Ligand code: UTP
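Only one chain comes next, encoded as structure tokens, the form predicted alone.
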């Protein structure tokens, strides 16, 4: 393999003074051990033996709702539950070059994505009569803009002493020969290290002590783009605690056998998520005696994890996935390139591996139309338009 710092050394030789020192600081602050994942490319990472994982379905939840809500509220009131918002992305696909959470989806009034999420959490804090610590993960690209946005809007009425921001760790990109790329004359080509990196980033930011001081034992992780999701949902919290599981995952019934969602199941006796493209025809179409799909519950990126187990996992370190991407870069001659085809490897950790490293997980069914309104596109499926329709249906004034 070629010298990994080929492009970097060429640029260091050109720079002087503060610019050279700044680039060297980036190099020194990067965890280069992540590049070891290159050794396993083409190694054929196999999956284990899959089996369906029974969910706590809506009928059972309704029957036990009062009991489970009481358990969840008790945990929230005891300060045992915190929430983590994954908000490192930009609204580029929505035609908006700012943090995705700052996108205004209102019609007759301003209604920002961040605002929707805070209001959802405020339903719980009002019911519980206490605050829920909220940790917001940003990225190097949008951190300052995100923090400023919350301050400008007075945290949408949420007690700011219960809100902590932290930046997701970044990972370098390399070309197909394993050489670290430069994005421009002063910066390494880096990108967020995947949605599985959130807890390691919290630890690096020194927030483990904050969790300990507050007595937080459970963290509800959720993504920025689902404006209907319920956060620190007392019934979900109560169900997970009552089940004795180390984690819980909100799931929805698949709309069709071939719907493109990850499915919560069992793999070699442990909870796992199998992606739609990894499923065999038999898995896709297998049905239970009542006619429901055997692998019928898709994840919506809303999880509840026990902090004690998270600490164990981060110490073990998550698997690193190497993915091919189009990465703009500056070559050894200082010429910039914007490739039209994949030209490089990026390194990501995934939350699905975090689920698999948990000893147990409760799949918890929610009503899709009430808790799943993702905003990924400007128009069409999973768009601002479809989310507005669902919000209106759920009584939210736009």
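Remember, predicted model here, so these are calculated numbers, not experimental data. Residue numbers count along the first chain shown, from 1. Each form is matched to the other, and the largest set of C-alpha atoms that superpose within 1.5 Å is called the rigid core.
Although it is not shown, the form predicted in complex with the named molecule is what the next lines describe.
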Is residue 225 close to the named molecule in the predicted bound form, meaning a heavy atom pair under 4.5 Å apart or at it?
yes
Is residue 263 close enough to the named molecule in the predicted bound form to count, meaning some heavy atom within 4.5 Å?
no
Even though the named molecule is not shown here, does residue 151 get within 4.5 Å of it in the predicted bound form, heavy atoms only?
no
Might residue 89 be said to contact the named molecule in the predicted bound form, defining contact as any heavy atom within 4.5 Å?
yes
Is the named molecule in the predicted bound form near all of 137, 194 and 301, within 4.5 Å of a heavy atom of each?
yes
For the interface check, one of 311-319, 234-242, 266-274, 216-224 should have non-hydrogen atoms within 4.5 Å of the named molecule in the predicted bound form; which one?
216-224
Which residue, 20, 10, 376, 388, has a heavy atom that falls within 4.5 Å of the named molecule in the predicted bound form?
376
Note which of 77, 93, 288, 285 lies within 4.5 Å of the named molecule in the predicted bound form, where distance is taken over heavy atoms; exactly one does.
93
Can you name the residues of 150-170 that have a heavy atom within 4.5 Å of the named molecule in the predicted bound form?
168
Is it true that residue 347 shifts between this form and the one not shown by 2 Å or more at the Cα, once the core is aligned?
yes
After fitting the rigid core, is the C-alpha of residue 152 off by 2 Å or more between this form and the one not shown?
no
State yes or no: after fitting on the rigid core, is the Cα displacement of residue 312 between this form and the one not shown at least 2 Å?
no
Just say closer or farther for the C-alpha distance from residue 327 to residue 145 in the predicted bound form, relative to the shown form; it changes by 3 Å or more.
closer
